[in-house]
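To begin, one chain is listed below as structure tokens, in the form predicted alone.
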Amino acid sequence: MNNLSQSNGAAVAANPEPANVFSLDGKLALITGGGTGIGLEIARCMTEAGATVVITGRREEVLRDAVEGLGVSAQYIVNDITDLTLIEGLVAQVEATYGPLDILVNNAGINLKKPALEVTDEEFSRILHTNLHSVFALTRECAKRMVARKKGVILMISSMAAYYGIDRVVAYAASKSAVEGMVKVLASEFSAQGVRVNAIAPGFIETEMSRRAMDSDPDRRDRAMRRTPMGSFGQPDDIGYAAVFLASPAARYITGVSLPVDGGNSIGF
């Protein structure tokens, strides 16, 4: 099949075959915080779509167990994303060992639920360092290589906390709001070089960590459900399949957006 079509006299790439438009065959993805929760489910969905994934995190036993469950298309590297001095070496190691990176998923992050008046400068800085500074540093190192190759996909994980005010998460909300701004700027800078940058904003997703948090705060759980039109928590693979879509050729003309995967929570009342 001819892979070029003519539009106003210019040659452009034709759409992939429908059966393959969501495929990640032959793609290599780096997923931070990929050993548990949403990160693990993104890794699972991407391997199902044909990608090879490299997951990172600080706990080797967790990563090893995750890779065993994911199968032969998954590998792991122990890494602390908060140590900025390790980031350049991490990216170099991934590419030297597994090949050129096609996809980066900035999933690793931490939260702090505490009244704003009680949040210390050290606590605020720790959240921003993990959720923003580390994300930018890793994105920059991956993007240097992607821009040089004129192709790549960068995905950020945002939050409903960047969409509206949620009490007692001031540092987390600040970090995710900054990530939303970073997506727009980086998409503006990188998209002409073939590198797309987008975010996924999960709503209330049912993970072990979120269940513990909600069980300890029934009022917050009930408020979350009241403003979610679909009336239920999401599942981790809802985020995983959204990530597959945004990384795939099906999303080739999408950049600079934040996609809520939230059962309508961001528009609920």
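Numbers follow the displayed sequence, beginning with 1. Worth saying up front: this structure is predicted, and the values here are computed from it rather than measured.
Quick note: we don't show the form predicted together with a small molecule, though the next part is all about it.
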item: Check all three, 159, 176 and 209, heavy atom within 4.5 Å of the small molecule in the model of the complex; value: yes
item: Option touching the small molecule, based on a heavy atom within 4.5 Å in the model of the complex, out of 199, 186, 195, 81; value: 81
item: Heavy atom of residue 155 within 4.5 Å of the small molecule in the model of the complex; value: no
item: In the model of the complex, residue 38 touching the small molecule (heavy atom, 4.5 Å); value: yes
item: Proximity of residue 33 to the small molecule in the model of the complex, heavy atoms at 4.5 Å; value: yes
item: Close approach of residue 223 to the small molecule in the model of the complex, 4.5 Å, heavy atom; value: no
item: Stretch in contact in the model of the complex with the small molecule, which is absent here, among 45-53, 240-248, 64-72, 200-208 (heavy atoms within 4.5 Å); value: 200-208
